[in-house]
Structures are given as C-alpha cells and as structure tokens.
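Next up: a single chain in structure tokens, the form predicted alone.
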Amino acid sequence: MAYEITLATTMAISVLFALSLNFISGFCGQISLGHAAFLGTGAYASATLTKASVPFLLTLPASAVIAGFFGFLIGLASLRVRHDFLAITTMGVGFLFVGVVRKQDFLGGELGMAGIPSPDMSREMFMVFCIFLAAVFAVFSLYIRRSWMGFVFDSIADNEDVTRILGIDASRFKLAAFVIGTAGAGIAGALYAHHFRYIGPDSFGFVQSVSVLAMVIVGGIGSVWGVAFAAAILSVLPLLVQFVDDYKLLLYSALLFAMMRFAPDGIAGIVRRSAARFRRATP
C-alpha cells in the first residue's frame, strides 16, 4: 500500500508541475526550457523554512510567492525575446539556478538537503492533499482557459503583433502567465521536497525541464486534461520500469520529436480527431 501511495503522490505533484508549465507554454505560447528552476525554488524555499520551524502549510504560499517573484523577474527580462530566443533564455535560467545552488552551503551545496521534515499529516492525507492541490490548479486552469483572459492568451500565442495592434497590452498578460505558472511550480516544488525529503541541484536540472516539457507536448499543448493525463503516466513510468529511468532524457527527447512530427496537438488532438471520426461514422 505504501508503494501505491508513493506513486499516487508523485503523479499528483507531476500533474501540478506540468499544468504550471502548460499555463505558460500552452496558454500563452511561451516555450520555457528552464521551468525546473522554479520547481527547485519552491522546493528549497519550503525545505529551508520548515528546517527553521515554520509550519509546512505556511511554506506553501511562501514558496508560491518566492517562485512567482523570480518568475516575474525572468518574465520581465524576457519580454523582448520570443520563440527560439525565449527558449534559449529560459534554458540559461535553468543552468544558472543549478550553478547558484551548488555554491550555496546553506542550501546543501553539491550534496543537497537531506532530512527535510515531514508534513504534520499521514502519508495518506499528504497524498490526498497533493491530489487536491493538483485538482484545484486544473480547475483554475480550465476557468482561465474559458474566460476572457484565456482568449487574450490564445491571441498572444497565435499572433502577438496582431494582439498589440488591437490595443491589448500583450506584455502584461505574458507576465501574468509567467507569474501564475511559476507560482504553481513553486507549490509543486514544496510538495516535492516534503514528499521525497531530499533535494539536490541535479533534481532540478535540464533533464527535469525537458521531462515536463515532454509531458505538456505529449498531452497536447494547451489542453488541461491531456497534459494532466500525460504527466500522470510519464511521471510514474521511470518508477515502474528501470530501463526508462536509465534512458529518461533519450526517451523524452524521442517522444518530443515523434509528437512534433506526427501529432503536434498531442494525445488531446488524437482523441478529438478520433471522436470526430466516430461521430461521423455513427448513423
């Protein structure tokens, strides 16, 4: 039973993390290759605060605010770059985060932080709590997706120049997407730290950023349920099959290539097309 609880908790945290990137890349069309840095920011913030005797539940909003603040700064600095240049910029942020953490002794340096306090709840309750937070963020994402803000995000993703011509302040909405997405990643990082009770620089490197991007693209970029489904499956696959864990980066890179080549709209697009064909075939 403990193993199943661990898997379910890992899936919920991964779903929340993937949905946070989907808010940036899926809704607003801003490709980020350093999103794991914000997961790490939340993880280190929560771990440091709980070691200082701050209650776990108070570290969650603190982690969201800290990660969201850094997301605001990075988003502000990235407003003048788009597409490939934005991807390269965010990838640099990811490498910078790992490099800075390695040099900070109070964060554990190369060895990382071990012995992170467990939340004041049972493993079962923590699992339910993680699932609840992932579900809340999913519902929030669906609400934003179908609101006027979602239409603005779609416009920016389709053609930012036309959006600006229409009199919409695209920069403000891009920053909003970055802040919300990175704050969500910060909460996922806090849960990650207290779930595994150990964090290190390698936990939030380039491989993790590519992994979460693969979840978003495989699920269907912009699709809430598709991304959640892909994140749930891909997050536990390395835990179930050791071969996958040994070649995680290769597998995820191959998935990215295959999806972009043969099914750019991901699992969600495949399901939509299949459902449409079924309806046409049904008398």
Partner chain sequence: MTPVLQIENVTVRFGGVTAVHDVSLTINVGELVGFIGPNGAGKTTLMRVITGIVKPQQGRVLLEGRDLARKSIDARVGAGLALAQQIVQPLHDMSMLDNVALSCGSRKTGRVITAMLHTNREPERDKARGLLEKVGLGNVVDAMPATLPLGYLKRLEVARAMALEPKLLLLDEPLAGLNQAEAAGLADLILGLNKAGQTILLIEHNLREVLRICPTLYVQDNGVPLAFGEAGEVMKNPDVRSAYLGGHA
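Positions refer to the first chain, counted from 1. These figures come from a predicted structure and were not determined experimentally.
Missing here is the form predicted in complex with its partner chain; even so, the following discussion is about that form.
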{"property": "Three-residue site Ser53, Pro55 and Ala62 fully in contact with its partner chain in the predicted complex at 4.5 Å by heavy atom", "result": "no"}
{"property": "Contact residue in the predicted complex, chosen from Ala176, Met121, Ala138, Ile131 - any heavy atom within 4.5 Å of its partner chain", "result": "Ala176"}
{"property": "Heavy atom within 4.5 Å of its partner chain in the predicted complex - residue from Met127, Leu107, Ile116, Ile180", "result": "Ile180"}
{"property": "4.5 Å heavy atom contact, Arg145 and its partner chain in the predicted complex", "result": "yes"}
{"property": "Contact test in the predicted complex: Ser155 vs its partner chain, heavy atoms, 4.5 Å", "result": "yes"}
{"property": "Its partner chain contact in the predicted complex: Arg197, any heavy atom under 4.5 Å", "result": "no"}
{"property": "is_contact(Leu111, its partner chain) in the predicted complex, heavy atom dist at most 4.5 Å", "result": "no"}
{"property": "Any residue of 154 to 183 that, in the predicted complex, places a heavy atom within 4.5 Å of its partner chain", "result": "Asp154, Ser155, Asp158, Asn159, Val162, Arg164, Ile165, Leu166, Gly167, Ile168, Asp169, Arg172, Phe173, Ala176, Ile180"}
